[in-house]
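Here we start with a single chain on its own, the form predicted on its own, put down as structure tokens.
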Amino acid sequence: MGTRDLWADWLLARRFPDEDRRPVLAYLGRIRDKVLDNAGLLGGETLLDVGCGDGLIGFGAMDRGAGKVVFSDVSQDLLDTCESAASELGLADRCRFALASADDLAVIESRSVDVVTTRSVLIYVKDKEQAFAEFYRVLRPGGRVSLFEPINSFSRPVSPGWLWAYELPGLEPLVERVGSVFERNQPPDSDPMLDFDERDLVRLAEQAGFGEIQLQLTIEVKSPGPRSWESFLRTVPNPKVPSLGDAIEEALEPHEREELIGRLRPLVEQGRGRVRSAVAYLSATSG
């Protein structure tokens, strides 16, 4: 078997460091259900799942009676995964697979689908304006778009000693050096994950021509709960960056790693941190 591209490698192998994936899968299932609820999918309709990944929303739409699902993604490996799953489930005749980015859906005909969905897709797209224009173009009149997007700008560090939900006063220089590893991979000044908020989503939907726009913003500030240190080190937050353990290894000398880990590990294992998160669900109707 050949090497998978970075998107498939992350989504299929590196995204879940924990041995027990059930809580995360349950969370993703709730997102899928809400995206589809907001879409108002009707039996027999055609749904385009942009950035389909491993098919979470697309196959969920089929369970709800979608007549056809178009799975689109920038990763051919992920499309192959979805196509294989569709064949195994006996659903291939109701599926189409399209290699395309969210801001260039040229392979999808204009006014050819009833619903467009995304889940954590626009955060990776620099030209979000063009993506919304493409969503509008492929929808039939009266079609719907239903999106889920994290608002990562809310989750940025709140202090110089803030490392992934844990406060490490006095270790600011070490935290900065670990953070610089991630910044080299994702420069914050040009990172599409940080260049928008919920108001931008509404503005972009209006600008594209959508009407009857609804947006629900959910903000949480909570304890992360106790966690395995080993799984914490293996955490890879997105396909473009290394794991936290690899970043610590790269950034720090052995004695510095020992000092940082000595302070951080008890906090992680005892759940003594503070997670800040914001997510937006947007739904809208085409003209």
Ligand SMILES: C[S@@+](CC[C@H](N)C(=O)[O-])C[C@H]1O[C@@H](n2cnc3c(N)ncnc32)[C@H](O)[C@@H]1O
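What you are looking at is a predicted structure, and each value in this text was computed from that prediction instead of being measured. One rule holds for the numbers: they count along the sequence shown, beginning at 1.
Absent from the display: the form predicted together with this ligand. The rest refers to it.
- This chain is displayed alone, yet in the model of the complex one of Leu139, Leu163, Leu78, Leu174 has a heavy atom within 4.5 Å of this ligand; that residue is Leu78.
- When you look in the model of the complex, the only residue of Ala86, Ala205, Leu147, Ala102 with a non-hydrogen atom within 4.5 Å of this ligand is Ala102.
- Exactly one of the stretches 86 to 94, 184 to 192, 154 to 162, 121 to 129 approaches this ligand in the model of the complex with heavy atoms within 4.5 Å, and it is 121 to 129.
- This ligand is not drawn, but in the model of the complex it has a heavy atom within 4.5 Å of Trp7.
- Among heavy atoms of Leu56, some come within 4.5 Å of this ligand in the model of the complex.
- This ligand is not shown here, but in the model of the complex it comes within 4.5 Å of a heavy atom of Leu11.
- Interface membership of Val74, defined by any non-hydrogen atom within 4.5 Å of this ligand in the model of the complex, is confirmed.
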